[in-house]
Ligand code: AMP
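Take a look at this one chain, the form predicted alone, written out in structure tokens.
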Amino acid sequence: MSILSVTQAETAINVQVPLLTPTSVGLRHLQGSVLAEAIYMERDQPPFNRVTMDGIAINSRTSLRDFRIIGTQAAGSPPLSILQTDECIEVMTGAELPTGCDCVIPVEQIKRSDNRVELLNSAAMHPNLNVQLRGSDATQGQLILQPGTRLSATEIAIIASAGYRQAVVRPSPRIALVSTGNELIEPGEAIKDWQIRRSNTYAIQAALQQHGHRHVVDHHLVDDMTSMRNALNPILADNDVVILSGGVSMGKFDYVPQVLTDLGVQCIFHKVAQRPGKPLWFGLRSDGKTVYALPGNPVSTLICLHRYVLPGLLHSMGANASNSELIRLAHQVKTNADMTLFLPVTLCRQNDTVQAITHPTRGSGDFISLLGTQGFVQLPQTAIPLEAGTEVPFYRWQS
């Protein structure tokens, strides 16, 4: 199997990843899901001429500066009305504008005495002052949210305001994290000099949760082909996506590719022309189970997670969003003619633009060097150095 370019690997994932099945979900559980239906406004928004300041409502087509209060209009109450231009109604923010009124004078600009008010000299009055007109935000039947929209607090508020008690979405997939390796010891447990702490899955889980994926379970498997096969089979059955860390390179105990093949997971690609993360493995089972097998070195793991896995998860949910942006390099950067380079960066502001300063690590195991970086840039395969100011794709550690 030939080594793919970064673009080819990304395309292969997008083509092969199956869409998750849409389901109807209540408002309180929509966070992080992706819309699978269009959302239309139930009615005009706002549905009436809405008062935007506490104060008094008047008819501005008068020369009077002194008014008689004839009632109080609260939010959520039927509208009152005035019949004479010397009348006004006390109004609260969010209330419907009383009939016969077209202007609201804030309480800070009036002087009240019993049931009468006098406008201060600073008070202006004209039609629609401190009034949000009916339908100024959206109109009845208007398409307000498209399928493929990732739902956060803002979108969920809009869905609720449109009158929907639930929405048809593709929810976040059920994800299993699997670390492999006899050398891995849990934090807090006794450790020998030749062993290392199990840390990758904690980083992966934190990143997944930060990107809205809550259905995550965690496993650790030793480097034994039989036990690995026996453990992975139910893990594949119980989850939509399996993300492995380690055991995917060319070492004698790197059993992951063979075990996955034995369990019916078809290898779509193994190895990408990139540094770090070249041994990346991606596969798919006939029942739609998706597997990402990431290199075990921490920097490779995190970069492959953000470059391929997180976008792949969004793609499986039908999301339209991209997790990359363009950024300018702050200085000249050397490239590689044979492979794409991923370099951690910090951000700075130069010449009124945000630019990236590269911070190469001392190898793909040097996760300490990631401290203080905001993400990484992707440098193309070329023998020609990239000059300062060149735009390159940038991937943030945190969205």
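In this text, residue numbers run from 1 along the sequence as written. None of these values were measured; they are calculated from a predicted model.
Below, we refer to the form predicted in complex with the ligand, which is not included among the displayed structures.
Student: Under a 4.5 Å heavy atom criterion, is R214 part of the interface with the ligand in the predicted bound form?
Tutor: R214 lies outside the contact set for the ligand.
Student: Taking the shortest heavy atom distance, is D240 within 4.5 Å of the ligand in the predicted bound form?
Tutor: No - in the predicted bound form, heavy atoms of D240 and the ligand never come within 4.5 Å of each other.
Student: Whether I196 contacts the ligand in the predicted bound form should be assessed with a 4.5 Å heavy atom distance threshold; does it?
Tutor: Residue-level check for I196: yes, a contact with the ligand.
Student: Please check if P295 has a heavy atom lying within 4.5 Å of any heavy atom of the ligand in the predicted bound form.
Tutor: Contact with the ligand, yes.
Student: Choose from 95-103, 134-142, 303-311, 198-206 the stretch whose residues reach within 4.5 Å of the ligand in the predicted bound form, heavy atoms counted.
Tutor: After filtering at 4.5 Å, what remains is 198-206.
Student: Looking at S316, S179, Q274, T290, which is the one with a non-hydrogen atom within 4.5 Å of the ligand in the predicted bound form?
Tutor: By the 4.5 Å criterion, the partner-contacting residue is S179.
Student: To verify the annotation, which of these, T85, S249, N130, Q109, has a non-hydrogen atom within 4.5 Å of the ligand in the predicted bound form?
Tutor: That would be S249.
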